[in-house]
Ligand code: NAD
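First, one chain by itself: the form predicted on its own, in structure tokens.
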Amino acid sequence: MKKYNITIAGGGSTFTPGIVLMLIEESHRFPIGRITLYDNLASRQDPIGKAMEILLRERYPETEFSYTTDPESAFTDVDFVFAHIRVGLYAMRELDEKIPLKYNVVGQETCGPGGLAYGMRSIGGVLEILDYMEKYSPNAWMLNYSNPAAIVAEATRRLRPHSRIINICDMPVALENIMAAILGLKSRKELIVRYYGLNHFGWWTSVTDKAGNDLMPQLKAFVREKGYAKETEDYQHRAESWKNTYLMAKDVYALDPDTLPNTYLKYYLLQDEVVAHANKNYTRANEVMDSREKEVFGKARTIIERGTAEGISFDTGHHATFIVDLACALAFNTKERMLLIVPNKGAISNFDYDAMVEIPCLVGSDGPEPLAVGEIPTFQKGLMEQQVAVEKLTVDAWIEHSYLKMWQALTLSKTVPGAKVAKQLLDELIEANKGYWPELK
């Protein structure tokens, strides 16, 4: 049986150890030949790479493993590239969150002005990795879960239209795991869902079991009262900001009780409440830097200092499992049903043909085959049209180096109160992102 060579782009990420371990744990269904970490920042990747080298040598000595900052070494003779890069690291995420909050605007890494700023940084980084892959392994698939996925997907659709890239997000997966827990099921894979929207901006319209039994009434009854705040072990270990996000889903749900919402909709529909309850001096970026960053790099350094990984483990997240599922579907033509970010092309019949939408697809060796959604209601259609225009204007701004297009994108965002605030935000974001954004004129 063929063994697959994987490169993880963003090798210095705190999520990398979990993805490496998930790949190995799932190697009975997705055989691994070689795992390579790639990052353009050696100082960040080296601790992760050295720690994983020790851990794998002790626990999985049959797995070939390396880490490098050299693109040719990283991307030659690979079958899949798993990309999860963060251009500007958490220092820039902190600014993405705190600059908008100064103006009483939502401060979030993928939604609102912070998401647009992050998108302007991410486009070039993802294109660079995609170009390396196409140069050294043109038949490889890139599974991209670098945020903000919606803007990255729009940019790659326009600038690399023939590339073998699939843009994915694990948030629906995480929420479907919660749905399974609410229903008393073992796994989200016992569910068949219908969903539509944009990335971090969507709704479930149907949830059934494999026998076709409608599970929406039970889910709606729970979400109406508690949102997605199901008291599971995973929930108990969540930061307070996430617990609040899950709870607020009940307020978003009230706007359309016919569907179940993605949690990120709170940033667009409850923006005043979000800002009112935000700590402008300590945002989610600070939470992550003080928790996951310290924990993962602390474990890595401990392994290196001791020369052994005995007694140390890393968590494998929802996204790691989802990535293996997708890789299996592509490698073995399984036609698994998955939520992916793909060109609409009429799947949502009354929506922008060229929009990058998040909908169910059947995945085989030729890539995703989107399933028809049909017409969507006026409320969702209006919200989505506004948001997809924001994303397209942002990509226009990056391509054209256009100050005006970026100002228009910020002004049009539902999270920003008006053009004057948008301009103030833009000017400050430009200053903060010098060296990361194209120079806007």
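Please read these numbers as outputs of a predicted model, since none were measured by experiment. In this text, residue numbers run from 1 along the sequence as written.
Although it is not shown, the form predicted together with the ligand is what the next lines describe.
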Fill in: The unique member of Leu198, Ala229, Ile85, Ala327 whose heavy atoms fall within 4.5 Å of the ligand in the model of the complex
Ile85
Practice prompt. Have a look at Val78, Ile129, Val274, Val207 for me and say which one sits with a heavy atom within 4.5 Å of the ligand in the model of the complex.
Written response: Ile129
Discussion item. In the model of the complex, does every one of Glu176, Leu339 and Pro368 come within 4.5 Å of the ligand, counting any heavy atom?
Written reply: no
Worksheet item: Using heavy atoms and a 4.5 Å limit, would one call Tyr90 a contact residue for the ligand in the model of the complex?
Response: yes
Practice prompt. Using the partner position in the model of the complex, report whether Ser13 sits within 4.5 Å of the ligand, counting heavy atoms only.
Written response: yes
Worksheet item: Is Tyr253 a contact residue for the ligand in the model of the complex, using a 4.5 Å heavy atom cut-off?
Response: no
Worksheet item: With the partner left out of view, is Cys169 within 4.5 angstroms of the ligand in the model of the complex by any non-hydrogen atom?
Response: yes
Discussion item. To test your reading of this chain, name the stretch in 305-313, 141-149, 154-162, 176-184 whose heavy atoms come within 4.5 Å of the ligand in the model of the complex.
Written reply: 141-149
Fill in: Residues in 25-51 with any heavy atom within 4.5 Å of the ligand in the model of the complex
Tyr38, Asp39, Asn40, Leu41, Arg44
